[in-house]
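Form predicted alone, single chain, as structure tokens, below.
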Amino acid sequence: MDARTKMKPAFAQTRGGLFSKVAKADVGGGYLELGRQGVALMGWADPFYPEPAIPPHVRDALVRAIDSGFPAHYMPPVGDDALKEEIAKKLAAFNHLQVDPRRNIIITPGSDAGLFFSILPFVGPGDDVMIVDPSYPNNFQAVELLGGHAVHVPVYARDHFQPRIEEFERRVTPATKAIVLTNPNNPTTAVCRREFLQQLAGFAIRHDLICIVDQAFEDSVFDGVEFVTLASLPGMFERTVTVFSISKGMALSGLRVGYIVADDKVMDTMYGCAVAVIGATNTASQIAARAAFRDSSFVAKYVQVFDRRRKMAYEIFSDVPGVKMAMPESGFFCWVDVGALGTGGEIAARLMEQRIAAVNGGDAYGRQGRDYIRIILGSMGSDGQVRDALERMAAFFRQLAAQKGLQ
């Protein structure tokens, strides 16, 4: 028998690459095999992969913990109190959120688990959930796996991918339950401005909606753009669940530590479900994360690297016929319009066939992503490696443009 016939439809339709090719870079082992073949791996949002990326003080804390033997034991399923105290300090200083570390924070084994856990209590069959399109694929998939209906709210290049509140207004229905927002956005890099977030807050309050906000890329925002945490706006903390990560700005992806911040009425339920849904986050990783939050000065150096690389990509692609790219506002990736050369999926496949680079086709990020590719600029250890891969991509794009008669 095929046990998939007994699965819920959304699960039964999901494929992980064992019986067919899967385009997503984070599924299966094929992606790593490409790296062994000399392909530049620019599809995983894992800073500096595969080069070492752990600050000395974080490494030392991790080594001391392992040498002590304590990491063989559980931390509390809701997270280490000492780590949550450090996070509360950061939330006050950076996010303008005053929280009780023992009532408003839960530690999760990475922000992907945190995102799913944040959506899980609120979404079920028949619920509409509004999601900016394009945005992080898991936003759509998590809602669909839970039986909800993902309502795609488009953003447009002509608006620099800034959301319009009118697009939300025209899609709200009596079945609308929640909004899932990635801010800064992955893959467009757009950072939601205060004015829009104030409008969104009013919209959510007026329609009595829950907001789930993924802020994984909040650490790396450029050009003086103000970053605003939606939960910090008046009337929003009690209806917003915010998901954070140490994988991106801190470049500690392998530690698998994320955290959720929410009102204690939400958190009481999460505390009660923690063992059943996410288990306890790795003990050694939480001890290392404590050290990272106590001294996070190393993040500024990473932001400088990401800033250089976004400018590098813009410089290399800006004069390539058939290619359009805006300067990234955040993160360590770029969102490139290759629609004049082919669909994003086609171009991503051809880059792999040519053994140039593994990037992400834009269709994974929503209906608006068809003409785009996402390129991770924070991957690899050196700027030189990144430049070489980008220049080889640009040369390939020029060849395609010439074949199509583009100038």
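Keep in mind that this is a model prediction, so the values were computed, not measured. For every residue, the number given is its place in the sequence shown, counted from 1.
Keep in mind that the form predicted in complex with a small molecule is missing from the display, and what follows is about it.
Comparing 197-205, 311-319, 243-251, 122-130 against the small molecule in the model of the complex, the single stretch with non-hydrogen atoms within 4.5 angstroms of it is 243-251. Using a 4.5 angstroms threshold between heavy atoms, Ala358 stays clear of the small molecule in the model of the complex. Proximity of Leu377 to the small molecule in the model of the complex falls outside the 4.5 Å heavy atom cutoff.
Interface residue remark: Arg290 is not counted as part of the site for the small molecule in the model of the complex, having no heavy atom within 4.5 Å. Remark: Pro71 does not count among the residues lining the small molecule in the model of the complex, judged by a heavy atom distance of 4.5 Å or less. Not one of Ser220, Val299 and Ser330 places a heavy atom within 4.5 Å of the small molecule in the model of the complex. Taking a 4.5 Å heavy atom cutoff to the small molecule in the model of the complex, the contact residue among Val336, Leu230, Ala216, Val261 is Ala216. The partner is absent here; in the model of the complex, the one residue of Asp112, Glu86, Glu144, Asp80 having a heavy atom within 4.5 Å of the small molecule is Asp112.
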